[in-house]
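One chain follows as structure tokens, the form predicted alone.
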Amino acid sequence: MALIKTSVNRRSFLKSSALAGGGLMLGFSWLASCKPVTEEEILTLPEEWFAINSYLKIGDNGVVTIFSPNPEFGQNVKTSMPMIVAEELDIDWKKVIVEQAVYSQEKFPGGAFGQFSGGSQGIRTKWQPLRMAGATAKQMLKEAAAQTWNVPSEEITTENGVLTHEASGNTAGYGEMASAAVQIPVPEEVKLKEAEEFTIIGHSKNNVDGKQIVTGKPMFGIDYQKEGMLIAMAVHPPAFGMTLETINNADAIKSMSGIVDVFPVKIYKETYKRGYFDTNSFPEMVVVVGQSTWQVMQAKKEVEASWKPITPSTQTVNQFGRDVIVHTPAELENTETHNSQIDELMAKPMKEARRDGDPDTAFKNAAKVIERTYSAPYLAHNCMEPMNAFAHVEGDQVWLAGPLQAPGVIEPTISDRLDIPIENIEFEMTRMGGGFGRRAYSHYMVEAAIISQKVNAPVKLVYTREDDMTNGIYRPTYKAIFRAALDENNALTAIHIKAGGVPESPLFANRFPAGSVDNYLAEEFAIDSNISTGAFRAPRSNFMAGAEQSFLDEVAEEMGKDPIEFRLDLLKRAEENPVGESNDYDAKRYAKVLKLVRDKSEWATSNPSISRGVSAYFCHNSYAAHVLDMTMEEGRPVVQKVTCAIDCGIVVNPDAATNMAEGGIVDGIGNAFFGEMTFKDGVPQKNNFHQYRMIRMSEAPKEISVHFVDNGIDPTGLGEPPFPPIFGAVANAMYKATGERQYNQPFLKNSKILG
């Protein structure tokens, strides 16, 4: 068994259990129930609860409640995380229930990221703290039993919530010892189980919210209701690069049935220093407040406002403790103009991010140079549940509820804007109907709070689908040029990557194939924009993986090599004799997922009716590889099967992990085929699903087979890693199916054969 240090007092223990993971990205979201139960099996609530720590209380009848401080948006941490606690606690899985906690840095410390969902860091950063929470509670129960029975605690065993001392014949349920356990000092260290001892971790458990979701229970922010609540909607400028000048018919709007008020709102104070997630598409807008959703929607359509161009600005943004200068130009931007700007910069020297060897000489002396250019458009998040927020500001007290990924990072903004102390702000976190990074930018929470303060009433702010899609935090648009040099023996001698975008570069200079070739050069650039962008599932990786993996397939073909074997050759070099010292991937783990997907897909088996594409990528501390099988039916590509291999360390909940991989694969295929947002004179050219094409059920793979590398290491990321490599697998399979390489997303629109 492994030993892990705790702390000497209860308050320190609570802080340690939150911080021991080395960072806070996605926290304690825990168990409601393990499976559907009959009426006879429904848990009987205890008459008395005993709090072991902030996350855990035990009832006098042995039922355990674990509080869920962190938001859940479909990644299933609400089931997987309690499994970790229950494993170390040795509790009967059937006797655990969950309650969603409110946001509280005091109860769940860790700063702004103490209760944050994002970055595929949940299980990874909480692996040790969650185990500590369960193991410490178990040890305190054992000590309580030892004192009661006057026996050594190390002789007491636990199983399914029962304490046993075999020599004396004494047994007791956890509930019988709970009152005594709360008096026991927190142990300085506790023993953790070895992986081979796990009985819950690694065994699939049903989604604890499954029944509530499919039966339509009010779990989501859009469901939120409070007595006396008003409805609010916003009218934002018609284009990026414009702001509000005047409301022209406010009196007419106020006279409409059910309308309470209409007024302008400024989201930030002029003096406020924004944080990284203080991104707002339109910092000033018109707000309509009324009695019902329908009445407000009708009034919103009638609002007449005048808009004016914004002025250029430069701001200092606090990016997690580091000041970053952000320039916002004043112009009505166009997709075509962006493309021209990118092409112009691509022809010039860029910021050098990494250089190994002498790539200039290698390309000068090359017998053959392969050069390809790849591009990807803006993407809208399109969460199933549009943005919404409930706020009630009463005097110097603020109550907020809704779907958000990061309450801690928006709290200072609300405090500053309302002139109300942070300690007077309370969040109730609802389940999110999708996130993908969009709900980390919680400007809609600030908007709701401002509106509530203005009308002095509880308010629910609701975005329509059109509001959401045209008032978005978009995936940036990117472009990259990949070059490879081959010598007279057709051997790879150099790789050169130039990448940039609006408004950021997608480059990861130290990722594969860096470290696998003697001569390597990576350059990047970025173009300022007033179009609001931000994190989109696997930020930057969602473009670079597709470009990189498509290019490697072309290089392999030019060299006459099997694409998987070519990648394995490069990874072997990176493992045995790496170039440079900054490579941020483990070549051995990378190679293992490729070998696993090769074997599970039966890559070597030839089927003339199937076109196959392979792709692999490292991001968010994990490795994923796909083999995609495609056929052509009535002139259109059809994905028959995707075989997926993932190395994310120990898999806590296999079914949930498989579901997450499947979701990422389907999402990636849809975006690769169809995903695109364009702009003309600052106006988003799509505002709902009749224009913005999403993948349909009939277009999803007929079969997805997911396999996990069993290496016994601590868990790493999973929510995002399966997503980026699917773009390359689609592109490489399409080439086999059509003979046409894909360089520009979305593939079906930009294909000369299929478009």
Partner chain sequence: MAKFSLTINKKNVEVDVDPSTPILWVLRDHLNLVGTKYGCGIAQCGACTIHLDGNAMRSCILPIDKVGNQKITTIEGLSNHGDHPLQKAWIEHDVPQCGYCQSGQIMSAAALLKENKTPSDEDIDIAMNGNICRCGTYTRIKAAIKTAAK
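Residue numbers count along the first chain shown, from 1. Computed from a predicted structure; not experimentally measured.
If you look for the form predicted together with the partner chain, you will not find it shown, but the lines that follow are about it.
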To test your reading of this chain, name the stretch in 653-661, 185-193, 111-119, 246-254 whose heavy atoms come within 4.5 Å of the partner chain in the model of the complex. 653-661
4.5 angstroms heavy atom contact with the partner chain in the model of the complex for residue 685: no
Flag residue 367 as yes or no: does it have a non-hydrogen atom within 4.5 angstroms of any non-hydrogen atom of the partner chain in the model of the complex? no
Under a 4.5 Å heavy atom criterion, is residue 168 part of the interface with the partner chain in the model of the complex? no
Would residue 292 show up as a contact with the partner chain in the model of the complex if we use heavy atoms at 4.5 Å? yes
Considering the partner chain in the model of the complex, which of 372, 211, 572, 273 comes within 4.5 Å of it through any heavy atom? 211
Interface check vs the partner chain in the model of the complex: of 431, 338, 483, 95, the one with a heavy atom inside 4.5 Å is 431
What residues in 528-545 sit within 4.5 Å of the partner chain in the model of the complex, counting heavy atoms only? 536
